Every structure is written in C-alpha cells, then in structure tokens.
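A single chain comes next, written as structure tokens; it is the form predicted on its own.
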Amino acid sequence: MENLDWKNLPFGYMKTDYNIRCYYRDGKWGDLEVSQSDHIDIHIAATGLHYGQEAFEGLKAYMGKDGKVRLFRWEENAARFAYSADGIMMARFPVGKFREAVTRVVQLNRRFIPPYGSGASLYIRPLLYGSGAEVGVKPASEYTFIVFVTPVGPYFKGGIKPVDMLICRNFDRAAPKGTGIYKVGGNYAASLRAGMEAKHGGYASTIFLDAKRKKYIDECGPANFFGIKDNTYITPKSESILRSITNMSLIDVAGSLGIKTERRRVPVEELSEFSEAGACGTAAVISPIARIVDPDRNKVYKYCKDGKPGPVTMKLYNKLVGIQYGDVEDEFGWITIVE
C-alpha cells in the first residue's frame, strides 16, 4: 500500500481486499465465508430493514513498533455484541466465531494496516442484522453476520485538541428501559437530529440529558462522558447509555495511575465543579471538552482554559493509547497479538 498517505487518512470508509460473512439458518450458524465484494444482497422484507434488528461493533487493530499487530479487548466487543443481539431478539453470534472472524479479516487485509507512527489504525466493523423476511413485527428466523475493515486516520489531525459541546433538551437519544444500552443502529439514528443541530451551531457534538427528568448527564453524542475533579474520574451511571469499552478501560487506567474513580449519576449542575471534561469512545479514545454550552440555562462551562487538554486527561490518554500500540506495558492483559 505504498501509494496511501497514511498520515492523512480520513476517518471514513475505504474498500479493502476481503470481508468475512456468516449466516444463521435453520437454527444454527454456518461456516465463515470470505468475500471480496463490499455489497450485500438483502431480501426486501428483511427485519433489519423494517424493524431495526441490527447491531454492530467497532474495534481496532494497531501496528506496533515491533511489527506485531495488536487487537484491543476484542473479548469485550464480542460480549457486548451478544448483549446487543439479546436486547433486540437476534441470534447471538458465538464468541469463538467472533474471534476467528476478526482475526481472519485482519490477516487477510494486513497490507491495509497503517504503519507504526502514522497515528492511523485498522478499524474493524462487525455487523449483525435480521436477514430473514417478515412482514409482521417479530424476530427474523435468519441472520447475517459481516465483519469488514478499513484503515482510518487519527480522529484528531495534528494532535488531540479540545472541542465544544452543546447541551440539547429538545431531543432524546434513548429512554430508560429502552435500547440505549445496546449498540444498535436505531440509537444512532435517534441522535442525528440533535447532532446536526449542534454541528450547524459550530459544536462538535451534543450532550444528551436523561430522557425522564432532564436532570442528569447521559451520553455525549456517540460517546460516554467523563469529568475530573479532586483527582477523581467521574462518569455517568445510567439505564440508557452504551457500555463503552473505552470508558471501562479508562476507569482501570485511572486506578493504576492513583486516580480515584466514580460511576454514578452526574447532575447538570456538577459541570461547574469539574476541572476537566471529555468524551470517550473507540474512534477518538478521548475528545477533551473545551466548553459545554447550555443555551436553555444561559450557562457556559469552561475547561481547558489554556486551549490544551488537561493534565489528567492527557495522562489517561497517553497510557491507554500506549497500551494499544504496544509502547506501554499491558498490565491488564487487554492485548491479543494477531500472528
């Protein structure tokens, strides 16, 4: 891939050589199949199209300085994938097959793994959807699994930099007892109106509040929120936010650095008490927040006052990214080497 400008890759889709597919029919999963096409043939009455039976995951493969390819916490992605399938009544994709599919798709597309030092990585997207035909509202009897990869550039070109966020009370992403805790496409569709409103106003994303009372912080666009105060990493506990693997990892990293951690309800008013704030997820790892604007209350919460990410945020970011690329010892056992 000598023609690719690795350091200037967008965070978007690029066709690679192969993807892996698998089909659930007659009550069982078949064998993994290799495909070179980036299109799918889907029945016009598939439940994935009509009734939202669709879930996905996002993880990355990283090229280390030692030439070894690393997967980060794939087991957690497999577990969440199964959890999402249960949540919208789809057939679970087996963990063993998940590992085999992810490993094979990385091996088959090895030439697309960005080199160490480019800041880029190979994004891996497992997908599961109802492919069986149903006109009535009920779960499908057939399902399709696909995993594809694409090289992606760093989320922040030119280094990690703080962004502005907008608190939005006009829209809800998900309700308690709903599907917010699952990684399903419907949650992202539900966030688009608020997200576009924020972007049109010059903000990076929206901060959603809890749908029931509009009192507590929920999700931060497509990511989890965290705040720092008194040497403590604080992140929301909610019935309607996604279980972020990055957030879970940052909690462990914080503990290893002597930073206390709390997962609990975070009232909007507490935003004024944080010295640092950020959003965390697979794409950016951490997006430091410069300002949170609350137009309904005529409030602006400022962080990163010198225009740079805070010291605790950077400490967390550097250690987690260091583990992912193999530059920092993996004391947690999170890394799997792809031979």
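In case it trips you up, residue 1 is the first one in the sequence shown, and so on. Just so we're clear, the structure is a prediction, and the values are computed from it rather than from any experiment.
Not pictured, yet referred to below: the form predicted in complex with a small molecule.
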With the partner omitted here, the residue among 123, 83, 216, 116 that in the model of the complex has a heavy atom within 4.5 Å of the small molecule is 123
Could you tell me which one of 171, 155, 112, 148 places a heavy atom within 4.5 Å of the small molecule in the model of the complex? 155
Would you mind picking out the stretch of 308 to 316, 276 to 284, 30 to 38, 295 to 303 that comes within 4.5 angstroms of the small molecule in the model of the complex, counting non-hydrogen atoms? 276 to 284
All of 56, 183 and 188 within 4.5 Å of the small molecule in the model of the complex, heavy atom check: yes
Considering non-hydrogen atoms and a 4.5 Å limit, does the small molecule approach residue 267 in the model of the complex? no
Quick check on residue 87: any heavy atom within 4.5 Å of the small molecule in the model of the complex? no
Residue 222 within 4.5 Å of the small molecule in the model of the complex, heavy atoms: yes
Please run the contact check for residue 18 against the small molecule in the model of the complex: heavy atoms, 4.5 angstroms, yes or no? no
